[in-house]
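Encoded as structure tokens, the following chain is the form predicted on its own, with no partner shown.
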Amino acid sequence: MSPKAVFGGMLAFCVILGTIRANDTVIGGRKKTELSFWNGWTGPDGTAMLKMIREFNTENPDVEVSMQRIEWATYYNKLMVAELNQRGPELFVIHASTLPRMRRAGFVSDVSDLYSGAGAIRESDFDPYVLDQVKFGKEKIGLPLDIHPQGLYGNVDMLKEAGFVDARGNARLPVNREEFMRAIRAMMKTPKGDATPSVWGYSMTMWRNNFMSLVPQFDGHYLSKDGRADLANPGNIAALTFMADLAKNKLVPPPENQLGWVGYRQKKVGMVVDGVYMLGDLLRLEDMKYIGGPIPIIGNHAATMADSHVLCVKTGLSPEKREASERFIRYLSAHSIDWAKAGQVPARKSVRDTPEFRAMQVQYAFSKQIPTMEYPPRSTVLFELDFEIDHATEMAIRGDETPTAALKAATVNLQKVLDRENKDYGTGATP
């Protein structure tokens, strides 16, 4: 045979083989739909999510979800740049508090169809306040997977030694300001001849979150009703004053000690306030006995700060990728009891009402705060607000400024950001 004939025969064979393979794909099932899923779960929670993804892929052989984990500190910048350059993932996680900013960028899709039609996730299965966080006009731009309130963690042995036990002799956490202060002092241990305690009853963790967890207890706020910066209101000043007084009176470790959460893990601190998501860190410790509960009533009434991880979908997906993305979101939502095990409170009420969830001591105890929790303000300048609160709390706790002066300076700086925001976008900071 001539080379030309040989080449022609090979070409025909390849065409036939390709046709056979194409027919096999049609007969044997659909070609796999590949989806990329980005989030900031770089700790134990990421390991739990990876397990859920593998189980989804096994149960849905026509879909392949891959996960990329990025530290939250850089996550949103990378996500926004990638999406605006059309290189971003099909699926991603956004905190409810940052949805206004991300939505304005234009890459977050309306997923209202998740809540209606075949396989719908009932709106009534969510607390109205939680569902409101994803609503923008007639659109719902995500599905809340969880709720992560701030709460109080306590060392069981140290609480017992301090006399904080219930009628059965089990360790219990303080529930009000008087008990909280008494527990702080009772757990402090100072070696003889030393001026600095070796064991502390309480330590602050992330100052901004500790402050924002107290703000709703004192009926504070961040923006006025007309959308202007208002950080130096009486409630905020009272909350920050309480924290500053703890430092001033040497009832918490000095800032340079940097004990915080690490000190709690090392049993050098008896109590800390932090998010339910920190439970995953404790689950890895074999010799740590702890309990969790609501933040004590320090202010006028019970309350705490919370947020949610919201599952979102990229705009402009093909019908195949859109269907696969929604199927994946439904799967995660339906299996959110598995997500709760990593240290979260499920957003769906039906999951929280199960015996399995109620048996999770920390998660269930933290979930009792849902009726009084508050999310950060619905604002496109949340990142700038966080920065100003970080600075104000540091100045006040270190004693470099009074709480009032620190919050007044933060108000001035935040208002400058709001003014630029209104000038550039003309829509205000509260969509």
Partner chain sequence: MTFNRRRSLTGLLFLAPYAISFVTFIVLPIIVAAYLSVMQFDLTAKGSIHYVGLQNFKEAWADQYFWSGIKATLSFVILMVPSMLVFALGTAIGLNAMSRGRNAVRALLFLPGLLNVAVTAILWGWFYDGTFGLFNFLLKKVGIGEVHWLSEKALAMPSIVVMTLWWTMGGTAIVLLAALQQIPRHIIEAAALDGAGKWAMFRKIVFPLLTPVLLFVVITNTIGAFQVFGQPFLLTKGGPELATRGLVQYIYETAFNNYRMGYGAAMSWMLFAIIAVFALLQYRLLRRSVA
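Nothing here was measured: the structure is a model prediction, and the numbers come from that model. Numbering follows the first chain given and starts at 1.
Although not depicted, the form predicted in complex with its partner chain is the subject of the following passage.
Undergrad: According to a 4.5 angstroms non-hydrogen atom cut-off, is N77 in contact with its partner chain in the predicted bound form?
TA: Output for N77 is yes: heavy atoms within 4.5 Å of its partner chain.
Undergrad: Please check if N413 has a heavy atom lying within 4.5 Å of any heavy atom of its partner chain in the predicted bound form.
TA: Looking in the predicted bound form, residue contacts with its partner chain include N413, since a heavy atom lies within 4.5 Å.
Undergrad: Taking heavy atoms and a 4.5 Å cut-off, does E394 contact its partner chain in the predicted bound form?
TA: Yes, contact at 4.5 Å.
Undergrad: When the contact criterion is heavy atoms within 4.5 Å, does F56 count as touching its partner chain in the predicted bound form?
TA: It does not: once its partner chain is placed as it appears in the predicted bound form, F56 has no heavy atom within 4.5 Å of it.
Undergrad: Within 4.5 Å, heavy atoms only, which of A359, V81, A195, A120 is in contact with its partner chain in the predicted bound form?
TA: Partner contact (heavy atom, 4.5 Å) among the options: V81.
Undergrad: Just give me the single entry in S318, S124, T190, Q266 that has a non-hydrogen atom within 4.5 angstroms of its partner chain in the predicted bound form.
TA: Looking at S318, S124, T190, Q266 one by one, just Q266 meets the 4.5 Å heavy-atom criterion.
Undergrad: Within 4.5 Å of its partner chain in the predicted bound form, do A73, A105 and E388 each have at least one heavy atom?
TA: Contact check passed for all of A73, A105 and E388.
Undergrad: I need the one stretch from 96-104, 158-166, 213-221, 237-245 whose residues put non-hydrogen atoms within 4.5 angstroms of its partner chain in the predicted bound form.
TA: The contacting stretch is 96-104.
Undergrad: Heavy atoms within 4.5 Å of its partner chain in the predicted bound form is the criterion; list the residues of 216-251 that meet it.
TA: Heavy-atom contacts within 4.5 Å come from no residue here.
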